[in-house]
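Consider the single chain below, provided in structure tokens and representing the form predicted on its own.
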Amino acid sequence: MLERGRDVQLGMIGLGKMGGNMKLRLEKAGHQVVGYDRNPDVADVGSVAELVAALDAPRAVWVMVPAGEPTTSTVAELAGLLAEGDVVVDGGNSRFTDDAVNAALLAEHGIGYVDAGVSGGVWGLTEGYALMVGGSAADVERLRPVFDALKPEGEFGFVHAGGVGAGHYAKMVHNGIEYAMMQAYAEGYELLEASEYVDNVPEVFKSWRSGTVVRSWLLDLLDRALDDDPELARIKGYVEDSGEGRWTVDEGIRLRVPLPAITESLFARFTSRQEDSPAMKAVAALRNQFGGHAVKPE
């Protein structure tokens, strides 16, 4: 990684919504970023090999591709192209258990590895990205100019959470909390909409943005959504999950840590994908059998 004072040179693989904006933010801070993406319209070079060749040793390459096989195969390719003293950053939403495998593969070639949980979404370009990183102190410190350029202004927004895997573990828990927070706002929205007392639900949420203990960036974003569509009539109530909510619940089970709010928020997403819940059909049938309660036919 070529250092010019505080300016650095970095390779970036994956220039989608997150990676592309991260590249722009780094360049605005004066850093040189060589980018590769399968979409040639946004790439600076035509292949991962060309990206590596364009960097001065010791090199630093940030991988920003989907978790799982895309990340694993990219790290494996880099292991065969980079050299001793180089470092790889996995900034995707990889499972923390994958980090030890990736780090061990790169270590065979003397290549460092840092896992970076990144939060900020489409707003990160202007607001900055919250960064939770794991890896050796030496590798993390070497990349500090990059982290400093990506993080929000001020004292918060960056943490060296621990060794390899700690960054993605922290990001996993962050996303689990996010699941539960979104579910709480959503349930409050539904209750307000159902109430005969409240006439202006969007303005209630807007009023909460200052002075209340429930104010947050998520609340700001919900207010923005309600400004655009006050009754959310243009949105289907179908919600996917990224995987990190499931991993958080798995860890709660493994460590015997109760996570009722996070777990229920994950299950609520599963419910959103059922047009007619088999479980609720069974409940209706049981109520009919033991109490003679009416059922609604299909």
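In this text, rigid core is short for the largest set of C-alphas that superpose within 1.5 Å between two forms. Start at 1 and count along the sequence shown; that's the residue number. As the structure is a computational prediction, the values presented were derived from the model and not from experiment.
One more form of this protein, predicted in complex with another copy of the chain, exists but is not displayed; see below.
Visitor: Decide if the three candidate residues Gly16, Ala54 and Leu105 all line another copy of the chain in the predicted complex, where lining means a heavy atom within 4.5 Å.
Guide: No, because Gly16, Ala54 and Leu105 lack any heavy atom that approaches another copy of the chain to within 4.5 Å in the predicted complex.
Visitor: When another copy of the chain is placed as it is in the predicted complex, which of 66-74, 31-39, 235-243, 45-53 ends up with heavy atoms within 4.5 Å of it?
Guide: After filtering at 4.5 Å, what remains is 235-243.
Visitor: Could you confirm whether Lys206 comes within 4.5 Å of another copy of the chain in the predicted complex, counting heavy atoms only?
Guide: Lys206: contacts another copy of the chain in the predicted complex.
Visitor: Just checking whether His174 would be counted as a contact of another copy of the chain in the predicted complex - the rule being heavy atoms within 4.5 angstroms.
Guide: His174: contacts another copy of the chain in the predicted complex.
Visitor: Verify the contact flag for Phe147: yes if a non-hydrogen atom of it lies within 4.5 Å of a non-hydrogen atom of another copy of the chain in the predicted complex, no if not.
Guide: No, Phe147 sits far enough from another copy of the chain in the predicted complex that none of its heavy atoms falls within 4.5 Å.
Visitor: Within a 4.5 Å heavy atom cut-off, is Gln183 in contact with another copy of the chain in the predicted complex?
Guide: It does: once another copy of the chain is placed as it appears in the predicted complex, Gln183 has a heavy atom within 4.5 Å of it.
Visitor: Quick one: which residues from 100-125 get a non-hydrogen atom within 4.5 Å of another copy of the chain in the predicted complex?
Guide: Ser119, Gly120, Gly121, Val122, Trp123, in sequence order.
Visitor: How about Arg287 - superposed on the rigid core, does its CA move between the shown form and the other one by 2 Å or more?
Guide: Comparing the forms between the shown form and the other one, which are aligned on their rigid core, Arg287 does shift its C-alpha by 2 Å or more.
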